[in-house]
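Presented below, as structure tokens, is a lone chain in the form predicted on its own.
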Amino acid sequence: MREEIKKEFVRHFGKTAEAVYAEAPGRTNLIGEHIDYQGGHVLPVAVERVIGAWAVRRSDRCLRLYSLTYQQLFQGKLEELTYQRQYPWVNYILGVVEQLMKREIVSFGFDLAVGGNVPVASGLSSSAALEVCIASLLLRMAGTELPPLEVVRLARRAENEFVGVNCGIMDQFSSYLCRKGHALLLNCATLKNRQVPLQLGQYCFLLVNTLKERSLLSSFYNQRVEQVNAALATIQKKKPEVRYLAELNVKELEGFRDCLNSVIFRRALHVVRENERVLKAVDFLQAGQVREFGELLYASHESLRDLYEISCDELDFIVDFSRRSSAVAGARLTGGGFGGCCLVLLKKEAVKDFQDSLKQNYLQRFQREPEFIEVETADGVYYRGNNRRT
């Protein structure tokens, strides 16, 4: 991937001597979906799929950006950082540039070529990987460093403020600070985190990409954020000390049922129950209880389907198919929902048979084959040496 991007960089910009390279991995969340923006616990892993970029500083304040994925060339200036409807991928880069300009870290133009093998709109957070990649790259080009949490926050603000997606902090945190062979238990309220060794024994994770077209901005993602924020605002009128829904347990939430309409209550109930599932999941993983961990994945999917209502026919089909296989311990949608990927926990020896059988049944039902991605965990940017290595 690195050399492929470099080749396109040379083809478009013809400079290599002073070019700098950085890359950031995608992520999949094992459990803890749609609760990071309500202070919940999440359990993501970084995966061996990356977004990478080569860039070189310019002597002026012009930007020339090329995407291998979209085969598009964008040209602009630092003084004209406006939302680009014709180049959606550019906005993630411009958002990071804007954040670094506010800190007076970036005041230079640059030529850049970006590409990668994180599938777009798949639930692997290609957007966060792009943001973290660009932040790391520009910090190196500027010859400076920021504390890890500041890089993470900066990348998230780029997506919230410039792109307009009200995402939580999990995706950027994962791409920057996950460790290979571990899941990252992150408290999104306090940002306290720790690495949890993955003890899966004879099991492994497989991602099944539905290949259903979707967009977070057009798939009610922001609407779900608004709904849980509305639930929190109502609860705070009676209990102002509550900062996030994830601070409540189910019994406490039930006490506010009469104050919330049925839809808003269901959204809040998902947040509270999902947060509890994450903490149980960590206990099961540490004890090597893989089948019990898998049952939590199924429960998470049911909650996302019935309470949060972000599943779709394709995702439900994959989970139902997985339940019929004795080799599968658990499955659920992962990511924003409405398409993207399903995470399946199954025995290593059964991966090929499972893929072949699911492919045939999925094709018959949806007239297209799914894409399979075997999950190999990876280090985040901080541990890859793009900024430093410990």
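Keep in mind that this is a model prediction, so the values were computed, not measured. All residue numbers refer to positions in the sequence shown, first residue = 1.
This protein has a second form, the form predicted in complex with a small molecule, left out of what is shown; the following refers to that one.
- Against the small molecule in the predicted bound form, the set 34, 170 and 335 is in full contact: each member has a heavy atom within 4.5 Å.
- Remark: of stretches 110-118, 162-170, 236-244, 136-144, the one touching the small molecule in the predicted bound form is 162-170 (heavy atom within 4.5 Å).
- 221 is the sole member of 205, 221, 317, 265 with a non-hydrogen atom lying within 4.5 angstroms of the small molecule in the predicted bound form.
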